[in-house]
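This document starts with one chain, in the form predicted on its own, laid out as structure tokens.
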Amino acid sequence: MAVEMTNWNNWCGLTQVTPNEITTPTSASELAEAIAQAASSGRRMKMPGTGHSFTSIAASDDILVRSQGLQGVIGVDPDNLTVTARAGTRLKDLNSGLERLGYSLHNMGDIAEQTIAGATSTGTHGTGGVAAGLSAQIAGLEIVTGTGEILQCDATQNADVFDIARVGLGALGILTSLTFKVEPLFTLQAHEQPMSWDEVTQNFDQYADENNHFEFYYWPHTNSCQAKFNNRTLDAPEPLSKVRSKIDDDLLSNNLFGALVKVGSLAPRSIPAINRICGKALSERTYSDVPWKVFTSPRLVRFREMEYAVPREVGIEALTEAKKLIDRSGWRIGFPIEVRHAPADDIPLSSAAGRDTVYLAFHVPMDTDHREYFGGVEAIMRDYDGRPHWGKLHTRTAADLAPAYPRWDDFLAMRERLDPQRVFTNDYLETVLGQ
């Protein structure tokens, strides 16, 4: 059903468009009809989900497809341990639905606001585990191509499409459902503690190898880090008390941090001192809960982000070079740098394709010009054979991205096959993939 046009912007506010038309299909067949009509008239179409990508990867100034009509869990296979959900389902709704069914994803990122189509299409990931990326946990998918064809894809049917479309950038078609491999619900214990830069960087490989899921944050202009060790336990969940959760996650991590970010934006010279305060504000704590409540956390302070995936063997070296650049630049960086790791996967345009990976994520406040900081760090990441996160800010183009992905040409060939008229292209995709 089409509705009158309105403005659309992404979560961080960097992308704003006014589509010519907005439509809210409620089935794959309804969407297929709309796509076929768009293709026949030379129009373009995108389904942006919740708009949580920092890039304009999902933006459309022509036909915008709202995902609200494609939500909810629609299938459970207890024998094969898979669960199928419609593509517009938000991760937080999928997670809570899985919990009620007695299941969990193996791994996930720390934000749960995205739709499952958007999260998988951009390569969203967690840290550690057997499969860090959400896309590596996909067992099947349904996609509507640029010719209006509905394809069911898994390891046995349309396997060549399945292979590539798990991280499809929205360039191959519009996903209408995803089937995930799941596990029986388990308890995850989190141990969070302050650490020094030297301790966490010198022992990174040991911590990554000895824990199910490990990550840390480094506060620029300080020697302070906050490390998080997540491990499975057979014990019953022991979540944080409501009071402790309110103080740590709401008051300190969001409200107080948000206020300090505003102070730092007004008085950049204060940022090193503010970072020292933030680095000491969160004390050591241990708690346990169902996995999604440990993996994810609220993000009330809006920001801009760039994230690069570098080979694991040079991850800490690349981070150290970024730290040196920050220290000598005169910049004042008020957000921590997030460090995670991932096992290799086999998805052509996954940032972990073919190699164990360290992820380095750099942030600035939502209203801060990111270009000098991100540009300087990006040059370092490129020197370390870095690959940018598709949904986060970067300046890469098709010409220099192609050498970073061994199966780049396979993806382009699949795009030509599934969307020959480029119904799903936009300015971002033309930049990173070519025409």
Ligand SMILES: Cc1cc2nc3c(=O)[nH]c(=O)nc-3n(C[C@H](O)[C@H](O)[C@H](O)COP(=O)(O)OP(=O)(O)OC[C@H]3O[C@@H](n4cnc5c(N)ncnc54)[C@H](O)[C@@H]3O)c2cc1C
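Numbers follow the displayed sequence, beginning with 1. From a predicted model like this one, the values you see are computed outputs, not experimental measurements.
The same protein has a further form, the form predicted together with the ligand, not shown here; the description that follows concerns it.
- The partner is absent here; in the model of the complex, the one residue of Ala352, Ala117, Leu141, Ala85 having a heavy atom within 4.5 Å of the ligand is Ala117.
- Of the heavy atoms in Pro48, some are within 4.5 Å of the ligand in the model of the complex.
- Contact annotation: Tyr384 falls outside 4.5 Å of the ligand in the model of the complex, judged by heavy atom distances.
- Taking non-hydrogen atoms only, Ser135 never approaches the ligand to within 4.5 angstroms in the model of the complex.
- For Gly173, a non-hydrogen atom is located within 4.5 Å of the ligand in the model of the complex, even though that partner is not displayed.
- Using a 4.5 Å heavy atom cutoff, Phe54, Thr122 and Arg340 all lie near the ligand in the model of the complex.
- Only one of 398-406, 22-30, 364-372, 39-47 lies within 4.5 Å of the ligand in the model of the complex by heavy atoms, and it is 39-47.
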